[in-house]
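Only one chain is included here, represented as structure tokens and corresponding to the form predicted alone.
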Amino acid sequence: MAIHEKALIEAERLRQHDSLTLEGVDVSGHWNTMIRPRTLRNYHEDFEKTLQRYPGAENVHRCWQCGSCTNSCTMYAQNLQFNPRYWIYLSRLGLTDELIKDKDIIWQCVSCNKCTHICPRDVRPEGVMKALLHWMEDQGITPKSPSTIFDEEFTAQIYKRGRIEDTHVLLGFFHKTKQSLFQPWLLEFSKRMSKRLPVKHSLRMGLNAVLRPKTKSWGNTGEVLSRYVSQQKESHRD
């Protein structure tokens, strides 16, 4: 099914006359809007299969372009350029160059899952959006998102010690995203926490932040787990 939504057509491809009469009928302005045709030759024939290897996009092949996802989308109501139906359409055709044009818009997905709940074919559009984002990260098309950096910091500590310490995760995340520790929300959070937490618990948190304890008998489990996860990722994407 071809996409002819005007919001998705580049302005330079739209043609209209301010004054035009055809066979005595005034078709000036929007009445005579025409779209300059184009031919797309650069497409990835197997892109749909590539995308399906990412968690969340396994059912992208089921889409029949009903538009329920876009119609229910929280972000589409705010920005007409945010169009899950269109991106799924491009993904199935393998038009990756067209997808890349919207690389700064796809990130606006708020994971409200309205699209997933309403989809009659169980495509799970929210998952497809996330899969597209991870594909772009893997291809170096976009920098890693803050959420990906946080996940990596969280996972790295699991591999290393078999547990996490909130302070270390936060410090590592802020360091990698180049954020200041002196943020109003964090200062307020620390202030409230200090008033409500039992003294014993606060001391234990402080001690753990300094000593960085490991899970008992963790040994080289983290290395084995890390290799296993890497192998699983590669097998899904081969």
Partner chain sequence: MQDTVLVVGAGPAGLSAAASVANAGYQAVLVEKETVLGGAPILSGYAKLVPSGEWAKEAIGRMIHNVEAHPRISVHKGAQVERFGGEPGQFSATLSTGQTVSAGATILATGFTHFDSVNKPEWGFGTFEDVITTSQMEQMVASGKITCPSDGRVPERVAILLCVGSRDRQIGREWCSKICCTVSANLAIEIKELSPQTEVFIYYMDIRTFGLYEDRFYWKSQEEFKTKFVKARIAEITASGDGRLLLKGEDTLVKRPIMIPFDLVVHAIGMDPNLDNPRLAQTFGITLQHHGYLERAEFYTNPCGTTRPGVYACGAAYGPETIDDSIAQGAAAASRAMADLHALAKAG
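Treat the numbers as computed from the prediction; the structure is a model and nothing was measured. Positions refer to the first chain, counted from 1.
If you look for the form predicted in complex with its partner chain, you will not find it shown, but the lines that follow are about it.
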Would all three of 63, 86 and 101 be in contact with its partner chain in the model of the complex, where contact means some heavy atom lies within 4.5 Å? yes
Mark residue 50 yes when one of its heavy atoms lies within 4.5 Å of a heavy atom of its partner chain in the model of the complex, and no otherwise. no
For residue 180, is any heavy atom within 4.5 Å of its partner chain in the model of the complex, or not? no
Taking its partner chain as it sits in the model of the complex, is residue 92 in contact with it (heavy atom to heavy atom, 4.5 Å or less)? yes
Taking heavy atoms only, is residue 194 within 4.5 angstroms of its partner chain in the model of the complex? no
Candidate from 40, 186, 171, 207 lying within 4.5 Å of its partner chain in the model of the complex - any heavy atom: 40
For the interface check, one of 171 to 179, 64 to 72, 196 to 204, 209 to 217 should have non-hydrogen atoms within 4.5 Å of its partner chain in the model of the complex; which one? 64 to 72
Does anything in 121 to 140 come within 4.5 Å of its partner chain in the model of the complex by heavy atoms, and if so which residues, in order? 121
Relative to the form shown here, do the C-alpha atoms of residue 12 and residue 103 sit closer together or farther apart in the model of the complex, given a change of 3 Å or more? closer
Residue 12 and residue 141: do their C-alpha atoms lie closer or farther in the model of the complex than in the form you see, with a change of 3 Å or more? closer
